[in-house]
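Given as structure tokens, the chain that follows is alone and in the form predicted alone.
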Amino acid sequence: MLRRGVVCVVLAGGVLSANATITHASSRATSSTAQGSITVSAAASLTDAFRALAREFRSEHPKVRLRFNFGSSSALVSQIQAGAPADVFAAADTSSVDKLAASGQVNKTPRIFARNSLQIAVKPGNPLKITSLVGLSKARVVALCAKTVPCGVYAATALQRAAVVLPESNVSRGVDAKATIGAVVNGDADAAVVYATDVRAAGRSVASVTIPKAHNVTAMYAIASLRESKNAKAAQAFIDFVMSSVGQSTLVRFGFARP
């Protein structure tokens, strides 16, 4: 069962600590006894929201140092199973967290903390006049997430519901949602099926096309602390913050729906 993270940002082969950009605690700092450092492995689609949430968390837990590791949920599962250090796992689906729970690597019952949906991202101005999943047939290249990662699974379901079959020769695959929408932003694809939050984050670099509810998919995001965590107290403090009114408001601000 799933109920409703900290993050180590892997960029260009390096690790970006949230503490590197969060150098002060606001007047909202509390008497939190949590301290030390934790690593949150989180779905790539959470990057912007979790970075913002980390700043707010830091103001209430000034003695906790956050590291973020963003990537596809399935890749993060493989990393954790291979022994990569992580205290919290936040996935873009429930099955990824279930895999860790089944192997005894989850400390407490996972929690659902946010929801997302899919949209079509196209080039600014929508030059091909794509208005639906069926319209993707007009595209020379359609970017989709890798078949085994949550956004790829969700996209496959949406396409199936719309009775759309895209030739693999016309499909490019991104390692995660950020890379997939990046193909449109960089001009390497005419369209992409990604999370609504990623389309929103891309701003004017893309135009959005709504996918109707009949074909759309609701992505349920799950979070859990990990049994191998060396700082269970701080890990739980972060999860509690994600579930708090402040954390939920931040996620909503970045386009996520409440659980």
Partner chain sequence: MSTSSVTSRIPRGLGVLGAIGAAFLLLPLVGIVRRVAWSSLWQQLTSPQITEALRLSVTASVVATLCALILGFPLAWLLARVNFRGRSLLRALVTLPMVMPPVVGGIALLGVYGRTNGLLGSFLFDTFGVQITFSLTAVVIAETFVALPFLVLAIEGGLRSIDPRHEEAAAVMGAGPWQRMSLVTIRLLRPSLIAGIAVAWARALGEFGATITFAGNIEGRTQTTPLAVYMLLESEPEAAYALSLVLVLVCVGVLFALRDQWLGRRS
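Positions refer to the first chain, counted from 1. Values in this document were obtained by computation on a predicted structure and should not be read as measured data.
Not pictured, yet referred to below: the form predicted together with its partner chain.
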Okay, which stretch from 145 to 153, 87 to 95, 111 to 119, 158 to 166 lines its partner chain in the predicted complex, with non-hydrogen atoms inside 4.5 Å?
145 to 153
Go through G125, G187, G104, G83 and name the one with a heavy atom inside 4.5 Å of its partner chain in the predicted complex.
G187
Using a 4.5 Å heavy atom cut-off, are T218, M220 and A257 all in contact with its partner chain in the predicted complex?
no
If you check in the predicted complex, is S132 within 4.5 Å of its partner chain, heavy atoms only?
no
Answer yes if any heavy atom of S78 is within 4.5 Å of a heavy atom of its partner chain in the predicted complex; otherwise answer no.
yes
Are any of the heavy atoms in L100 no more than 4.5 Å from a heavy atom of its partner chain in the predicted complex?
no
Taking heavy atoms only, is S172 within 4.5 angstroms of its partner chain in the predicted complex?
yes
Give, in sequence order, every residue of 41 to 73 that has a heavy atom within 4.5 Å of its partner chain in the predicted complex, or say none if there are no such residues.
S72
